[in-house]
Structure formats: structure tokens, C-alpha cells
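Shown next as C-alpha cells: one chain only, the form predicted alone.
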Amino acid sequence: MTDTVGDLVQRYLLDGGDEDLKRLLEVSESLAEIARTALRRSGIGPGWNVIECGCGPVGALTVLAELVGEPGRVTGVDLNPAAIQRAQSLASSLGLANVRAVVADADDLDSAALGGPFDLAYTRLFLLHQRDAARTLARIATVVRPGGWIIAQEPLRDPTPRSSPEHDSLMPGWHMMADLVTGFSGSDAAADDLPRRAAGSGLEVVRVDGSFAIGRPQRMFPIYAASLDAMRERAIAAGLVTAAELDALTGPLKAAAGGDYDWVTSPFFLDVTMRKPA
């Protein structure tokens, strides 16, 4: 590739015609550096065969493609066919020939059918949606080669995202998002005890770390508002929140994008680096 993957992403953000994919790429780009940092702990490099479980329409596919280079292979899997179609469309739009997206259930993965075994499996914002995170991790491990890596990045409910100066809707907005995800999925996968769950599923926990990503207010405040808006219809229908409660948070967050703020953080992500026993 003549251009770097980052160059291609920035060009798409400027010129791409799909507004929703642009929004999702903004989310992905805001987390790109903390993903690179976590992934590099495995020694990932050109030629690796990697998989992202729960990639959604974008995930970290562009970061993985950058790190494994043209000789490498990136497979994204998600249970949602519409998300997979959009992920493959994005890869095609960016000219990422080493990326393919496949409809698959992370709890029922077939290594041979997916092109495994893989050198590394990656998940982000995924295990919190699973009812049994330990079982899902154990299943993901079946498509990783002996001695291969699994890296999970999951957000903690606390500490909450921050901004400078502090914005009154940011903390309650994030807490609402976290509570809605739990309410939707019935998940038991609190990120706080993810290392213990990983060890319980037979994986070697190599390192536990964590960080915030810091971004421009013009990017980050709209991401939080858009994320709440994306949950709106389902959350109201489920009786988890009212339209008025959502509006009280999304309105100020949208307005803050044009305010006098210095920086805004992502949620705090717990990074768990695991290895499948050789």
C-alpha cells in the first residue's frame, strides 16, 4: 500500500459518502492509539494472522491491518450480518485487501473455516455484551494457536470519562451508557474482574494495564451523544430510560462540541494481555 492505513482512513473521513460509517470511523480513530499500544505488547508484526471478535462495522480492523501489513491477514467476525457487510464495504473502500469480514458467533467459532489458527485474537467493547465472559474467552482461545495471544480491551464504569473544564453531563452520560449495555445484555462481564475470569478460563494472564484516550472536544462530545442516541429506541422500548432523560444528557453533550474545552477523554479501558498455553 502506497499510503498508510491512517492516511486512507483520514481521506475517507474527508471524502467518504456514508455518514454513519464516518461516525463509526471517528470512534475507531479516537481509540486507535490505545489499541496499537495494547496490541504491540504481543510483538505483533508483518505477516501475522489475526482475528477480531465482535468487530462490528469498523472495530479495530484498520489498526490490525496496519500492524500486520500486506503479508498479514485480518479476519473480523460479528454475529450481525449488516455489521459484517458494512465492515467489508469499509475495507473495500480503503483498499485493504488483507481484511475480510465474516458472520460468525464468537461462542461457536470454527478455526478452519475462518482461516485459523490465529497468532492473535483481539476484542474491544465486546465481552461486556456476553452473558458468560469466561466461556466466550475460552471459545475464542480455540481458534488461537498454542502460545498465541488474546488481547481484550474493556471499559470500566468507573473512573468515568473526564474533560477540561469538567462537563456536567459527561459522567452521568457515561454511567447511563454503561447501565443500558448491562440492561440490554444481562451480562455478567464486569471488566473489573476480567483478569480473574481469564485465568479461570485457562489462559495465562501476561499483563494487566489500562488507559484513557484523549481527544478533541469537537470529536469526543459528539461521539458520546451519538452513542446514547444509537441506544435511544431500544432503551425506551425496554423501559430502561425515558426520552426526556436521554434528551437531558444528549442535548448538552452535542452543544459542548462548540464550547471552550481543552480536551475530553474516552472511557477508561482495562487492557488484559493473555496467552494460550503452549
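Throughout, we count residues from 1 along the sequence that is shown. Bear in mind the structure is a predicted one, so any value in this text is a computation, not a measurement.
What follows is about the form predicted in complex with a small molecule, which we do not show.
Distance check, Phe126 to the small molecule in the predicted bound form, heavy atom within 4.5 Å: Within the cut-off, so yes.
Answer with yes or no whether Cys55 is in contact with the small molecule in the predicted bound form, where contact means some heavy atom within 4.5 Å. Yes, Cys55 lies within 4.5 Å of the small molecule in the predicted bound form.
Contact between Leu79 and the small molecule in the predicted bound form at 4.5 Å, heavy atoms? Result yes; Leu79 sits at the interface with the small molecule in the predicted bound form.
Against the small molecule in the predicted bound form, would Thr182 count as a contact residue? Criterion: heavy atoms within 4.5 Å. It does not: once the small molecule is placed as it appears in the predicted bound form, Thr182 has no heavy atom within 4.5 Å of it.
Would you mind picking out the stretch of 202-210, 129-137, 113-121, 156-164 that comes within 4.5 angstroms of the small molecule in the predicted bound form, counting non-hydrogen atoms? Every other range fails; the passing one is 129-137.
With the small molecule left out of view, choose which of Val74, Ala106, Val144, Leu194 has a non-hydrogen atom within 4.5 angstroms of it in the predicted bound form. Filtering the options by heavy-atom distance leaves Ala106.
What is the one choice in Ser28, Asn49, Thr250, Ser42 with a heavy atom within 4.5 Å of the small molecule in the predicted bound form? Comparing distances to the small molecule in the predicted bound form, the residue within 4.5 Å is Ser28.
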